[in-house]
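As a starting point, one isolated chain is supplied in structure tokens, in the form predicted on its own.
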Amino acid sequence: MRDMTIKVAINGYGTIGKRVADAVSCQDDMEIIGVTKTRPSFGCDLAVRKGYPLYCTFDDADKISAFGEAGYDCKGGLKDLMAAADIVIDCSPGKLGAENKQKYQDAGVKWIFQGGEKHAMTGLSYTSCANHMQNMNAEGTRVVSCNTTGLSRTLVPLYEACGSLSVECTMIRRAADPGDSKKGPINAIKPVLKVPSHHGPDVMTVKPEININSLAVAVPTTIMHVHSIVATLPDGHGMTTESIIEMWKNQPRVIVMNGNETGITTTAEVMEFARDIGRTWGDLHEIFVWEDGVKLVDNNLYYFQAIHQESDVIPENIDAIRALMGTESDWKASVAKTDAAISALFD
């Protein structure tokens, strides 16, 4: 175990980056040493208010000086930030992964990318419940997407209980994040015409034993994704609807609620629940499963779950830091530590 605090850099202080930064900042074994923005913008004000040192995503002198001209104290470029970091969480826009990866390798720091990058680029992917040990002391990894994370949280314990699993799922996807005005559809349902969609097969990058395929459609909402899942269990599985529900209730980062009893029957009410319990930004890190939507019929398990796309991967990044840095080999211990620190923010 390391005695020193892990020095964490965040490259890209946007929807995911700002949340990861806050999650890192409340861990007693980590500290934020800086966050980057591509240019002066309103996101810089948030970083300043939080007390996070501000850096430029680029090393170009003119781009760096633009921050000072806009009134921000920019500490330097990406190279300057990397020189002080143990590990960098890359939350930059997609398609920059390969270029950024080389920069991190040149700087000799460990790196974590997000699910917008391809597994082939990183060579390793991460979900705490699926493959924490395989990521121990690795050079870098990719925290899988919000949907893949959500699928893993309910399917991995099911696989471990049954020994094999075949899954078909449909991802009913939000069209954009709440703060994104550039995407659609606005008044349509848009099928993803790549079959299968990447979501199901992406689960196999962290748990290849699960046989899974997926379809996806985008709908005009911004608040959550919903998964409609059919999981086929092996003969002699010994499970019941009730035992599966109880298993999920005992899993970290899964919330199981009865829709009819609670009145939480839509994603709007799920997000209102997250706001009611005092989460920053109204985030819900957990996967929400409707108890009364779970039904096992012979070998086929049917259920629905909801994914808050802006936040379920946030604690996963924290656990991935501990895996890469080799500071905690027990994934459940890391999850408990991460979640307790984040929860303290709301007490």
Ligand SMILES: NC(=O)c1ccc[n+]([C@@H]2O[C@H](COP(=O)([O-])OP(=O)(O)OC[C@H]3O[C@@H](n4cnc5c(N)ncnc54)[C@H](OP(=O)(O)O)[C@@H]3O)[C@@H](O)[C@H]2O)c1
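All residue numbers are counted from 1 along the displayed sequence. What you see is a predicted model; the values in this text were computed from it and never measured.
Keep in mind the form predicted in complex with the named molecule is missing from the figure; the text below concerns it.
Contact annotation: the named molecule lies within 4.5 Å of heavy atoms from the stretch 113-121 in the predicted bound form, the single such stretch among 257-265, 242-250, 213-221, 113-121. Not one of S125, T141 and K207 is positioned with any heavy atom within 4.5 Å of the named molecule in the predicted bound form. Residue C91 is the only one of C169, A274, A85, C91 with a heavy atom lying within 4.5 Å of the named molecule in the predicted bound form. This chain is displayed alone, yet in the predicted bound form one of S65, T280, N300, T38 has a heavy atom within 4.5 Å of the named molecule; that residue is T38. Though the partner is left out of this view, N100 does reach within 4.5 Å of the named molecule in the predicted bound form, counting heavy atoms only. Among residues of the shown chain, E160 is not one whose heavy atoms approach the named molecule to within 4.5 Å in the predicted bound form. Interface residue remark: R174 is counted as part of the site for the named molecule in the predicted bound form, having a heavy atom within 4.5 Å. In the predicted bound form, at least one heavy atom of I16 sits within 4.5 Å of the named molecule. Residues of 287-317 placing a heavy atom within 4.5 Å of the named molecule in the predicted bound form, in sequence order: Q309, E310, V313.
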